[in-house]
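Single chain ahead, written as structure tokens, the form predicted on its own.
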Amino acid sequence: MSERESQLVLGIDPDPGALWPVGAEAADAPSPRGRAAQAVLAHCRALIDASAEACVAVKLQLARFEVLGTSGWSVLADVAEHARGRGLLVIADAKRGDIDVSAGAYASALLGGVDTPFGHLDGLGADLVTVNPLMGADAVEPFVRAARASGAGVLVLVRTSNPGAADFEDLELAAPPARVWERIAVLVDELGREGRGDSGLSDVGAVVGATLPEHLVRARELMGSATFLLPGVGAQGGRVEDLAPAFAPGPAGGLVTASRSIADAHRKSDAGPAGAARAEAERLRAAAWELSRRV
């Protein structure tokens, strides 16, 4: 298999209470936070090693690392570096969104870092960052500028996979486009026009949940050049087979993300955690690749 024959993103959102046994085996620090940090790091490394050959990227859920306290950022950075060492892109699933000054600080932390009178402070160096647009365009633009400066990209929350998304994202507007999420989609397309590469895809993409695939046709109409990050496959009920419209611009038009369905695959298998994760990741990779080639 070519390294490019995958649109699968390994979601990593480690729950300290549900880690692989390798995590507990690595935990010998004197403090509870230290042991939790060691266990999470060992778990994440093992999960990446088991699944890397079937994936193109990892999506790191920042809250799961931040809950570790002062050790969390170090573990996050180590996991990101381990993923890069396996040839994977790194998506920082931060969902940040704030006024422009704060948004710029968040962007610096997650992307290229910041220059100070004391020297340059490196950021996480993520390849893509998820951003919450509900405070408006000026809450997204600092991320776009920082991403372009470091050769990275932004993924804007458009129509998310959670049931509560309907509370606001589906509200009807007085003027076209008809719904809130569609207006956000228009913003994504506008922000991405200056960042379209030779592939025809933009450096401003969209998070569009796989749990309601009926939105994908309209989303693709509004965002013809955006890469779609497609969460919700597996544990949330989304199916790869329903995601064809995402791949209309080509195989790179969609990134299918799965988290618990890969990490917890051993709970429905006779194989061990690593073997079961590898098999499930390869199954999802093959399904997404085959679908994208048929579109």
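For every residue, the number given is its place in the sequence shown, counted from 1. Since we're looking at a predicted model, the values are computed, not measured.
Only in words, not in the display: the form predicted in complex with another copy of the chain, which the text now covers.
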Contact stretch among 209-217, 102-110, 193-201, 80-88 - heavy atom within 4.5 Å of another copy of the chain in the predicted complex: 102-110
Taking any heavy atom pair closer than or equal to 4.5 Å as contact, tell me whether Glu221 reaches another copy of the chain in the predicted complex. no
How about Gly69 - does it come within 4.5 Å of another copy of the chain in the predicted complex, if we only consider non-hydrogen atoms? yes
Interface membership of Ala252, another copy of the chain in the predicted complex, 4.5 Å heavy atom rule: no
Would Ser225 count as a contact of another copy of the chain in the predicted complex, using a 4.5 angstroms cut-off between non-hydrogen atoms? no
Which residues in 56-81 have a heavy atom within 4.5 Å of another copy of the chain in the predicted complex? Gln61, Leu62, Ala63, Arg64, Glu66, Val67, Leu68, Gly69, Thr70, Trp73, Ser74
